[in-house]
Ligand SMILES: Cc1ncc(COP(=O)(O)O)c(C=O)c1O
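Coming up is one lone chain in structure tokens, specifically the form predicted on its own.
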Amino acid sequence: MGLEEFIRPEAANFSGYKACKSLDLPEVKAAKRVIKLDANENPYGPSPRVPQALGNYQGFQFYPDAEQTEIKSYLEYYTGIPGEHIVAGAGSDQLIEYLFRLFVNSGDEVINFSPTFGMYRFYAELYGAKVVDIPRGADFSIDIDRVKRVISPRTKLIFLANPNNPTGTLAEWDTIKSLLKTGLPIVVDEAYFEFSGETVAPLVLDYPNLFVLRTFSKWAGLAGLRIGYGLFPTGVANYLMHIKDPYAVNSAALLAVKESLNDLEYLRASVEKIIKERERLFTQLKGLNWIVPIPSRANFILCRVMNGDGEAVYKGLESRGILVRYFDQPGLSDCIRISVGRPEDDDILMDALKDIGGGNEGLKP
């Protein structure tokens, strides 16, 4: 008797999520110099206080606080939202799974505005839910009338990344308020809030169906420690605290959050550098006659490759030790997404793109 017959069909047929390329792959390790611009990470890293505190910490033999009392107090200070509305997790990805764990049964429906962050579909398929895709417009806007038409009794969650990943675009306030008026649970994923300065977090206190997700991976440089949090109505927050993994936030991540929020001046200066570099890089990309960059409010820029093959550009950059993200799916045909790096890294990127594009002579990766 094979073990396959015991595996859930959703897991057996699951395609998974394509993450960024490992730095340990032979083709990456073979490069003399690797410039990593594929995962929207902070090129300046965390606050210097974080590694110092981790090196001095003496409590790793103890379990972290399952009630999240301390981290909620830090996040209340940072967000201005009372702690009873806050739940933390191992990255905002884990909080997305918690919402599926709480709301979604096999056969239920989840509304997704594509193209967008792949983890919404990831968990929907893993939990046996149907993804109802609503394609974004040419400007990546959302058709509210179409949302209303596809809502059914089985619709359980609506996900909105804001700014959206991988486009970097923001939804209109009227769009978000129209979604909230449906009465359905609306998840606004603000992973890139610190780079956009736009948030709906205060509305959590007024709307019982609004859930806001945040992360320390991007702005605070803590991607490797996996720490995120959500702002929820108190009733939903209580449910999530009951169904979450007991020790979801490890001691290292908790300590890193504490030190990060005690060094906001440093982190905000890094964010400002990234925003300034984003605008400089965007201007330079616009100067290439075969690439169309999309204006971004995040820490990355999505680009359409016009004259030639986006995959060829992606591979051409990779052969030069420059890692970016390649997309070829509905709404993102021949697109690359470039994380904003340090100015010196972006200068190398631009030189490589000019070499690959060859001016008006076409692509020659």
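From 1 onward, residues are counted along the sequence shown. If you're wondering where the values come from, they're calculated on a predicted model, not measured in any experiment.
The form predicted together with this ligand is left out here; the points below concern that form.
J.: Taking this ligand in the predicted bound form as the reference, which of 127, 140, 120, 195 has a non-hydrogen atom within 4.5 Å?
T.: Filtering the options by heavy-atom distance leaves 120.
J.: Tell me, which of 168, 91, 115, 185 has a heavy atom within 4.5 angstroms of this ligand in the predicted bound form?
T.: Checking each option against this ligand in the predicted bound form, the one that comes within 4.5 Å is 91.
J.: To test your reading of this chain, name the stretch in 255-263, 215-223, 144-152, 281-289 whose heavy atoms come within 4.5 Å of this ligand in the predicted bound form.
T.: Single hit among the candidates: 215-223.
J.: Answer yes if any heavy atom of residue 267 is within 4.5 Å of a heavy atom of this ligand in the predicted bound form; otherwise answer no.
T.: No, residue 267 sits far enough from this ligand in the predicted bound form that none of its heavy atoms falls within 4.5 Å.
J.: For residue 75, is any heavy atom within 4.5 Å of this ligand in the predicted bound form, or not?
T.: The answer is no: residue 75 has no heavy atom within 4.5 Å of this ligand.
J.: Just to confirm, residue 157 within 4.5 Å of this ligand in the predicted bound form by heavy atoms?
T.: Although this ligand is absent here, residue 157 would stay clear of it in the predicted bound form, with no heavy atoms inside 4.5 Å.
J.: In the predicted bound form, is there a heavy atom of this ligand that lies within 4.5 Å of any heavy atom of residue 191, even though the partner is absent here?
T.: Contact check for residue 191: yes, within 4.5 Å of this ligand in the predicted bound form.
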